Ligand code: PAF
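Next up is one chain by itself, shown in structure tokens, the form predicted alone.
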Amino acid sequence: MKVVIVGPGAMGCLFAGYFVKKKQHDVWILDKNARRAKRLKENGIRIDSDKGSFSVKINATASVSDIKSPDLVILCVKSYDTEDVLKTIEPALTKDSRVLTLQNGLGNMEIMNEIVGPERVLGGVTAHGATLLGEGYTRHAGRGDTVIGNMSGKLTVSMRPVRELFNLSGFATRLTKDVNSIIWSKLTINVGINAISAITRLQNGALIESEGTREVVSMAVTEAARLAKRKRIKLIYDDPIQKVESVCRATASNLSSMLQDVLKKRKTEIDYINGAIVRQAKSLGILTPTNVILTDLVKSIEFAYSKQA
């Protein structure tokens, strides 16, 4: 199997590192930055975790021609880059290629369906956490299940090799017939962690140690869960507050992806997480004041980048 991971960020390097370590097929990283791709090819990837550290060599390129006819493409880019990335890689795909998103937020699978066709699209979530410590250098900061499905709700034969790839690489993975429920369940957790950590600069575990942030987490998650219920989407856990707190404890040392973006003064995915809750709730006449404030504050932080330059 030829596996192409698009984006050498924290999660992209995490997957690539373990796939190569476990000798899982022909693994490539596709990077938009040619110089960085060259350095990754020369220097490889390093993964740190509570179980030790390891380094591996990796195929890395910025040229789509190098990754022609992939069996599986895994998108590990920010949600706001999904459309451009898909248009870039689409010519390299075959009819049997599969494109998988484990990205944060809402809307990625819908964009993928339009550009590469629903028959090629897989989506899902992963509970693994990763922090990018440097170029090609990632800390594996949290573990959990990975769940994959498609919009049709059918478990197809083509999904089995993808599940096997992840499982054999140490990522416990299962298939689902209801990927929308899985994505909303992950979104509801992210709503309670990402923006609040980005604003406070706190690691995940610290969010529930402070009475103040713990209350904000609860309010943001409650709004998202209320919206999911109104849309008749069944979350995969009974108590959203208890679930988000357990995730904070399980990934206590992790810096959320949005906090990592803020620390590096990069654009965040706020529009696809808390902002998505605000937009969808507004269309249904539902008030989400906590998520409105969190969205506005993160956007204000992004605006401040230009003032601090």
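Note that residue numbering follows the sequence shown and begins at 1. Source: prediction; values computed, not measured.
The form predicted in complex with the ligand is left out here; the points below concern that form.
- Stretch 256-264 is the contacting one of 39-47, 256-264, 53-61, 25-33, since its residues have non-hydrogen atoms within 4.5 Å of the ligand in the model of the complex.
- Annotation: in the model of the complex, residues N104, V247 and T251 each come within 4.5 Å of the ligand through at least one heavy atom.
- Distance criterion of 4.5 Å from any heavy atom to the ligand in the model of the complex singles out N204 from the list T188, N204, T82, T138.
- Although the partner is absent here, I74 lies well away from the ligand in the model of the complex, with no heavy atom inside 4.5 Å.
- Proximity of A224 to the ligand in the model of the complex falls outside the 4.5 Å heavy atom cutoff.
- Using a 4.5 angstroms threshold between heavy atoms, I193 counts as touching the ligand in the model of the complex.
- Residues from 139-157 do not approach the ligand in the model of the complex: none has a non-hydrogen atom within 4.5 Å of it.
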